[in-house]
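We begin with a single chain expressed as structure tokens, specifically the form predicted on its own.
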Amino acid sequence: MENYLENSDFIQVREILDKSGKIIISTHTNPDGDAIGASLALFLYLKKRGFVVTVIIPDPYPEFLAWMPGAKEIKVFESDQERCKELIGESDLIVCVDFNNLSRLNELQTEVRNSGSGKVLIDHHLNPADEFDYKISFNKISSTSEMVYDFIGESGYRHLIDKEIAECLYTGIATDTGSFSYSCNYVKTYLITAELFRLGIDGEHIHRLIYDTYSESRLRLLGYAVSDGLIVLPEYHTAYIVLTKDDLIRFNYEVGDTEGVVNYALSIRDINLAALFMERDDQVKVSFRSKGNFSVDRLAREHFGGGGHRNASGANCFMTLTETVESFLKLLPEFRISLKNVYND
């Protein structure tokens, strides 16, 4: 893989970072394992270098990530707005991790946009916006956590990566590759992972902390999603799951409970496109997954105002649940042929 840092603003970011006193790290709404892993790894690294640094996220992270080193120090804008605004106002630099557009910060975006602080992007998603002062962006890499590993190493501080930082990085890499089942066809990903194991991480234990901590209600919600919420459209090689607000209430939904649910729809034989539509108070959260060369990033970006990766993307829609699903279904005839031939060049 090419050295993407040579084609980025890496040198400028390293220089401006060294001149900063107070740094904010932020990541996208509904943060996942890579968002939290990359943010906390960067946070712990910068603290070791003596910076005053704070992680601020728009809304709560899933409970299955609460064990991570540094997680208890994360500030949630949704529940502590005044303090977060104060910290952003005092900052010299804001590092935006694992998202490509400030709109992914939801309500937090106003504070970040209006801040006079420099804004740095470290991200691996497609189509980064032109609203950052400096960008380290490369979409052919497994995860933003892998990029943070490279950033620390190329900055000359690889020796500061300890077991706790390694645990955060491994969590990000493992979750954003589906436990090394996709987006991981690069030797470098495994070489970095090997280095993290040399630092003493316990991959088996981390896997259990992430995946073997289901509540009973989460497991029952999963069962309901695949038994009652699943619709299969074999003529379009498509399957989707619908969860209403009442469904979520019935199964005592908590943040993170639907993580990975959409992958069950994609696991059906001959299904090449999967979607999850989840009704919230004022919007519908949509998750897309695909196989082969069918781009759900393009689908999400052009039709639902979202985006992500070629085979994994999402969006937040402000239509009703019914309208959102109907919009999706109307698109399928247009994609019939491409969904049938996802492995053709």
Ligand code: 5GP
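Just count from 1 along the sequence shown to find any residue number. Nothing here was measured: the structure is a model prediction, and the numbers come from that model.
Below: the form predicted together with this ligand, not depicted.
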| item | value |
| --- | --- |
| Answer option from 142, 238, 91, 100, heavy atom within 4.5 Å of this ligand in the predicted bound form | 100 |
| Among 307-315, 52-60, 39-47, 65-73, the region lying within 4.5 Å of this ligand in the predicted bound form by heavy atom distance | 307-315 |
| 4.5 Å heavy atom contact, residue 291 and this ligand in the predicted bound form | no |
| is_contact(residue 135, this ligand) in the predicted bound form, heavy atom dist at most 4.5 Å | no |
| Contacts with this ligand in the predicted bound form, stretch 21-50 (heavy atom within 4.5 Å) | 28 |
